[in-house]
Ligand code: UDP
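Take a look at this single chain, the form predicted alone, given in structure tokens.
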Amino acid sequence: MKKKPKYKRILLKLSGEAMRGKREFGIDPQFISYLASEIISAHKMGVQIAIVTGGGNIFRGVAGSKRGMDEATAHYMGMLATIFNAMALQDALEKKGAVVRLQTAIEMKQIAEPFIRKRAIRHMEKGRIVVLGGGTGLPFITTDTGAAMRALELGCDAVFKATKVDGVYSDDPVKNSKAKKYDTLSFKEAFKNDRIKVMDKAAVELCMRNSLKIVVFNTYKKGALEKALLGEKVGTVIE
């Protein structure tokens, strides 16, 4: 008998780094195809999925402003970069047979629906995967915080944060071989410990105030998303 997933509806946060795959810059079609397969396998378990894409593989608003650009302009450019990634993911999912709806916080009638909360919920209820691009449509807000906001708006059970490591560590495991991996972690510890940088502090605080779980898992490990959805000890659960 197949195990039932622990979560009914999730918000999957894919960073620009995840979209980059093994490349140094841009979009890796081969890796996005792999991501699409992982997402579809999870969706077939009966889990409703909304996805927020980052854009750091193309353009980072913070980096642009540090180089002298107007900060608001740089942030808007970063939001457009997330839409590039959202479109690429939509295409990869559809090529594998998934029914997908792309919604953007910045209105782009030719390519996507505008983000409408109840419409997005209805799409998920009808078995469609919803991909959300354009962040929140407002500058000065990270895609991590935007993902937490969308998860709360859409009534999700948790934010699933895809990373390149298998959970949250007490320190950077690449630099410190003695870093301890957490199976579970309190919001309080994740918020106050500056060495824990899984999501920005505003996103963690928003989840903490609303008791919204954060599940951190390694997107490079095949089947990790499915196992995390089943509640298996994969990655780290912050609650």
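Each residue number is its position in the shown sequence, starting from 1. Since the structure is predicted, the reported quantities are computational estimates derived from the model, not experimental observations.
Another form, the form predicted in complex with ligand UDP, is not on view; read the next lines as being about it.
None of T136, T163, Q90, Q103 but one reaches within 4.5 angstroms of ligand UDP in the model of the complex through a heavy atom, and that residue is T136. With the partner omitted from this view, the residue of M79, L154, A112, M124 that lies near ligand UDP in the model of the complex is M79 [heavy atom within 4.5 Å]. Annotated contact segment (heavy atom within 4.5 Å of ligand UDP in the model of the complex): 71-79, selected among 112-120, 163-171, 91-99, 71-79. The closest non-hydrogen atom of K201 lies beyond 4.5 Å of ligand UDP in the model of the complex.
Residue contact check for F191: none of its heavy atoms lie within 4.5 Å of ligand UDP in the model of the complex. Using a 4.5 Å cutoff between non-hydrogen atoms, I141 counts as a contact of ligand UDP in the model of the complex. The shortest heavy atom separation between R60 and ligand UDP in the model of the complex is within 4.5 Å. Shown without its partner, the chain has G54, G55, G56 in segment 31-56 as residues with a non-hydrogen atom within 4.5 angstroms of ligand UDP in the model of the complex.
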